[in-house]
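There is one chain below, alone, in structure tokens, taken in the form predicted on its own.
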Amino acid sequence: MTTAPIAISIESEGSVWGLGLQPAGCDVCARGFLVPAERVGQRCPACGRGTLGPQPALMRPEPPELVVAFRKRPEDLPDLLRPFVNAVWLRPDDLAVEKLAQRAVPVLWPMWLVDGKVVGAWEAELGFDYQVESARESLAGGQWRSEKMLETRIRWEPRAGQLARAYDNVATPALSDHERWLRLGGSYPDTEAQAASAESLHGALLVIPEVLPEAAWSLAKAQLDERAASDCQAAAGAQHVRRIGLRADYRDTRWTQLLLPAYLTTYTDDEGRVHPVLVNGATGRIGGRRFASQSKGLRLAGLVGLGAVLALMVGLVLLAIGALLPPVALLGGLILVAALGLGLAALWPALWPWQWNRGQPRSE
């Protein structure tokens, strides 16, 4: 296997692909970014708890090859965030559309793209469809009738051959929490990737890959093998495959990056915990946990409960007066029924935040 140049240490501004960026890392979540100098010392967009400080980064020297452009602009964020926020009835003050939009930071997060050539031998057990003509006899109207039928069967044959194919842009994760990014923001349109340029990267923070190619090679190799196996099946004209094996070398491998757009923002709940929210920069899909405000629920429950107590007192007074004026007793009874209804209603805002928060995912 031929490998790309080893990772190199990047330490200073301007040493990253000539873009005027420098590596910086969060002192809390340890997420690494490539940022302009003015972003150093600001809050980490990933966790919202730490600050970005200068630190060296171990990176590949190859610049990004492809980037999916931001289709959603910053001015689109309030309209995108509004349904996400409004779904929470009693929410913390910090879970507000304006605050989330104001804190949103555009980032480009990476996947590895692997180009390589697979050269070697293959052997497989392949299946070929063929048709067999048969007849089905049936009795109708006192007469036997014969109906011709075509049945598709599979013929399994061993096959072997040589393979020498080049494959481009085999995508594999570059972040240890790759699945989390996809779970929050959803997938990206494959057809919208374009050649990366200084202009297409401008204005966004670049997330530094955490998984170096040496660690990601097993996943890339599995995808190369899958593509090669598919080509072997197609070359043999087979419709089915039961077993296929490759004995191959992987040559001229080249590693670059595909960058995917997202906006990162955060809010703080009643207990002081900071929660990240991610907006897919291409599709607008939003992901993140939305916690309701238990304190607001208890305050509202208290106000409704106080109203119930006051109604109860008024109802009892009117019942007492009703001993002398019977029509007043009827009004007092109605107010007592209303007091009971208010008392029961007070339970709802007290319990709703707990029920809602219980339904949130356990992890971001």
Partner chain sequence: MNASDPLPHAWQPPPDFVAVASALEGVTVFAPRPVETAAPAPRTYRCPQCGAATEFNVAAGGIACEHCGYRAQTEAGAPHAEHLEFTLEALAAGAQGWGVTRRQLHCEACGADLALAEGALTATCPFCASSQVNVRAAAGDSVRPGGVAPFSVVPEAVRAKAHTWLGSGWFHPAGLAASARLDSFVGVYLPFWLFGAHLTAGWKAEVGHEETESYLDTRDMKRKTRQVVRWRWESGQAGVDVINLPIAGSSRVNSSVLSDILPFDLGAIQAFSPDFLAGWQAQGYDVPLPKAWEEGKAHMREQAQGACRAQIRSGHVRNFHMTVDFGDETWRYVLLPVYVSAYRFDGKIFQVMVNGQTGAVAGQKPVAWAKVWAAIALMLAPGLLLSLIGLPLLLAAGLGLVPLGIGVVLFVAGLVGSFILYTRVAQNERGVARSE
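Nothing here was measured: the structure is a model prediction, and the numbers come from that model. Heads up, when I say rigid core I mean the largest set of C-alphas that superpose within 1.5 Å between the two forms. Residue numbers count along the first chain shown, from 1.
One more form of this protein, predicted in complex with its partner chain, exists but is not displayed; see below.
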| item | value |
| --- | --- |
| Proximity of residue 198 to its partner chain in the predicted bound form, heavy atoms at 4.5 Å | no |
| Distance check, residue 162 to its partner chain in the predicted bound form, heavy atom within 4.5 Å | yes |
| Residue 231: touches its partner chain in the predicted bound form, heavy atom cutoff 4.5 angstroms | yes |
| Proximity of residue 122 to its partner chain in the predicted bound form, heavy atoms at 4.5 Å | yes |
| Answer option from 171, 216, 244, 236, heavy atom within 4.5 Å of its partner chain in the predicted bound form | 236 |
| Stretch from 76 to 84, 246 to 254, 98 to 106, 274 to 282 whose residues place a heavy atom within 4.5 Å of its partner chain in the predicted bound form | 246 to 254 |
| Contacts with its partner chain in the predicted bound form - residues in 100 to 118 whose heavy atoms fall within 4.5 Å | 115, 116, 117 |
| Post core alignment: residue 133 C-alpha displaced by 2 Å or more between this form and the one not shown | yes |
